[in-house]
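The chain below stands alone, shown as structure tokens; this is the form predicted on its own.
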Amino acid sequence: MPSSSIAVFGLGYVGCVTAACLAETGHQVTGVDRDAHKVQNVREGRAPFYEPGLEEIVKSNAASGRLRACQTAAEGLEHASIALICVGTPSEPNGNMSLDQLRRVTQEIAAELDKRPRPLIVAIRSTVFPGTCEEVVLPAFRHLPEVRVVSNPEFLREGSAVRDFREPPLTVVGGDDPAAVQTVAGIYEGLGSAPCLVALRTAEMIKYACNAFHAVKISFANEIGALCDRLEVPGQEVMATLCRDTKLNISPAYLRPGFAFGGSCLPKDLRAVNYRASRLDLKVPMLESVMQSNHEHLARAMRRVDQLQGRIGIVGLAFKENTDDLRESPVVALLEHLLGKGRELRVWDPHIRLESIYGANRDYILNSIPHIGKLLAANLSELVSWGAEHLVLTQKPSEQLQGELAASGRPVVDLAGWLN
């Protein structure tokens, strides 16, 4: 791994771990912090706070000279080609993040480069909302053409931060300058995680998506555990068994933006869980909110389709691909909404033949849309020849269907998220 000269701004939890671990991998690192106590600790080979394994790394790399510390941007940037900003972005009273420290550090770096213009890559490692680099950081360096800005969010957990750095679960670098992105990704070379190189805002958003998902997982496990306790069921065993399914439960399955869920299982079972919890006088607010979240997502799709002009062809009627199950299909709700607005539409699903479905499945669609038979097309060509000016895709398309959609010459609104 080629050695770089790196300045790490902020010697708090993220910054000190980052600085010490980068020094351990062979880089020349200078930590910069206004706090004299933190700087003195690092200079003397001590960690400013407790984190397993950190003290030893700080001590050995401070002794070798690979890890230094100072209080001024001028000293920190003296030899640096990369500046990692690791300052705090704490919550404000209204829930928004405070960017005061980020603004201060970027201004200090810009002021120093005003005196001695030189190439520098500024990498934002602090957790910031999408658009922050564009709206706060880039303007500070607009007059410095040799400065490049990238986003490089951290994924370090307190209590295992050193291990997480050495064995990263994820490495993300985002920016508009490919050379700068590659350079920052290169400082983590050899750590065993292939870097994800993305756009600037994408990198910023990935960090929030990860943390929100972790919070959701914890809340889900706690609510299931609370329900298990009331039912005298071993919650630890339930969740441990759930985690053994790495095909659907702990996997990429379902973890992609798309259309609302439906079918004969998920809505029914969620309602049952929430009803039974209420009968036990148990509040499970996250589970209670799932159906409402699904309804809101369906409403967003409806508003999107409402904006289309002219005739609409719906591709997909069942609640998902490769089935003829229409029960609680969100597409049925979409059709009801559009028909209620007087829109002209036809619908085609490769697996739906009205004469072939029966029982509860047939009853559901005929009770919802009694004249559904008049709206069904035999194939995509019939939708197009009928005069559909827009095609609305509601389920995962086969490769053949993707080709047919592309060849149709009609604009496609992809509610399922498979054509993006």
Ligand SMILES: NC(=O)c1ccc[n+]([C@@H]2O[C@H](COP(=O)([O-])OP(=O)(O)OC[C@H]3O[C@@H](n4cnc5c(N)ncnc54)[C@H](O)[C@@H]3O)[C@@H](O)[C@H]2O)c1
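The numbering used is simple: start at 1 and walk along the sequence shown. Predicted, not measured: the structure shown is a model, and the values here were computed from it.
There is another form of this protein, the form predicted together with this ligand, and it is not shown here; the text below is about that form.
Of the stretches 194-202, 105-113, 216-224, 143-151, only 105-113 has residues with a heavy atom within 4.5 Å of this ligand in the model of the complex. Between the options 331, 187, 84, 87, the residue in contact with this ligand in the model of the complex by a heavy atom within 4.5 angstroms is 87.
For the candidate set 294, 249, 264, 127, a heavy atom within 4.5 Å of this ligand in the model of the complex is found for exactly one residue, namely 127.
Taken together, the three residues 346, 393 and 397 lack any non-hydrogen atom within 4.5 angstroms of this ligand in the model of the complex. Using a 4.5 Å cutoff between non-hydrogen atoms, residue 34 counts as a contact of this ligand in the model of the complex.
Residue contact check for residue 38: one or more of its heavy atoms lie within 4.5 Å of this ligand in the model of the complex. Using a 4.5 angstroms threshold between heavy atoms, residue 207 counts as touching this ligand in the model of the complex.
Although the partner is absent here, residue 14 is a contact residue: one of its heavy atoms lies within 4.5 angstroms of this ligand in the model of the complex.
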